[in-house]
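Coming up is one lone chain in structure tokens, specifically the form predicted alone.
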């Protein structure tokens, strides 16, 4: 018997939750005037090497990368932002600096050790906003994420940080590297490698020993320039006014290399160790990094598989159950089925059954209404109807 590959899962048992999550999240994004975009699952590998960063675990260890029959170095997308930025540039929105607000959902692929809430093929829902450099756009995007989570009654903690800009980050990086060099022998191999490749990502290490060593590390929030500090204060003040609870986490850096200024994560204690359910931030340099014109941008992505255990669907009756009690009624029922499906969800039971059997089946399917054709109804051209 051929089975699904390790870390890849059929969406069957949770299909109702999955489609419900996509539908509701999309509606909320559209209320914020975001439009839908879909990008290819397969992209050039260099797109992610240049955006995600060659120092990241995604590029170093986790990408599904191969050479196709045309000799192209390609990979299955490991995250959504880079492909959306590529589309923004390819369709020349950057040249006109056209503001764009897009949302997307779909599968991503990373070759990592499968565990609860973490698969090799997983799904994300994300948004990206281009063309607005104001911190109020960051606030809007965070508000959108909170509204999606609130709509499913998911309990969370919002963590925020500022990663600074080109003006203040270099000074901070020098002090951070000096600190890390002193601690180097006590850090894990990944962190030792990151000191020279991307020192900021050392702060994001989940190794308990590394975290203990990093407790006295210099904090970037104490080294921000005037503009970054002002934006970070506005961010905190406006979140308070919106009654969005948050914590400042000075070690929050996000796992991808392209972030600057605002970084944020929504975490939940209800799903075990893998607590991050949504993450994002500002990436003002990424469009330029991928050979576009400089355009500011901010966005987030949610891991759908991580969220599904927290999503509850309140059962409600919907749709029409259409059934027959005599063979001769099948044509009449089929014509009615054709008519009803123009504007209704309809379950058509085309096998002949007794009335109580139809009612039990309709109740089990949680249908709102039953329409049955028996011999009398067939003669009169009517239906026996019952609201459940």
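Since the structure is predicted, the reported quantities are computational estimates derived from the model, not experimental observations. Residue numbers count along the first chain shown, from 1.
Omitted here: the form predicted together with a small molecule. The next part is about that form.
Engineer: Contact with the small molecule in the model of the complex for residue 122, defined as at least one heavy atom pair within 4.5 Å: yes or no?
Structural biologist: It does: once the small molecule is placed as it appears in the model of the complex, residue 122 has a heavy atom within 4.5 Å of it.
Engineer: Contact with the small molecule in the model of the complex for residue 193, defined as at least one heavy atom pair within 4.5 Å: yes or no?
Structural biologist: No, residue 193 is distant from the partner.
Engineer: Would you please decide whether residue 306 lies within 4.5 angstroms of the small molecule in the model of the complex, comparing each non-hydrogen atom pair?
Structural biologist: Yes, contact at 4.5 Å.
Engineer: Hey, in the model of the complex, does residue 302 get a heavy atom within 4.5 angstroms of the small molecule?
Structural biologist: Answer yes; at least one heavy atom of residue 302 falls within 4.5 Å of the small molecule in the model of the complex.
Engineer: Between the options 249, 94, 79, 238, which residue brings a heavy atom to within 4.5 Å of the small molecule in the model of the complex?
Structural biologist: Partner contact (heavy atom, 4.5 Å) among the options: 79.
Engineer: Taking the small molecule in the model of the complex as the reference, which of 254, 159, 100, 140 has a non-hydrogen atom within 4.5 Å?
Structural biologist: After the contact test, the surviving option is 254.
Engineer: In terms of non-hydrogen atoms within 4.5 angstroms, which of the given stretches 277-285, 180-188, 222-230, 239-247 touches the small molecule in the model of the complex?
Structural biologist: It is the stretch 277-285.
Engineer: Would you check whether the small molecule, in the model of the complex, lies within 4.5 angstroms of a non-hydrogen atom from each of 118, 127 and 259?
Structural biologist: Every residue of the spot touches the small molecule in the model of the complex.
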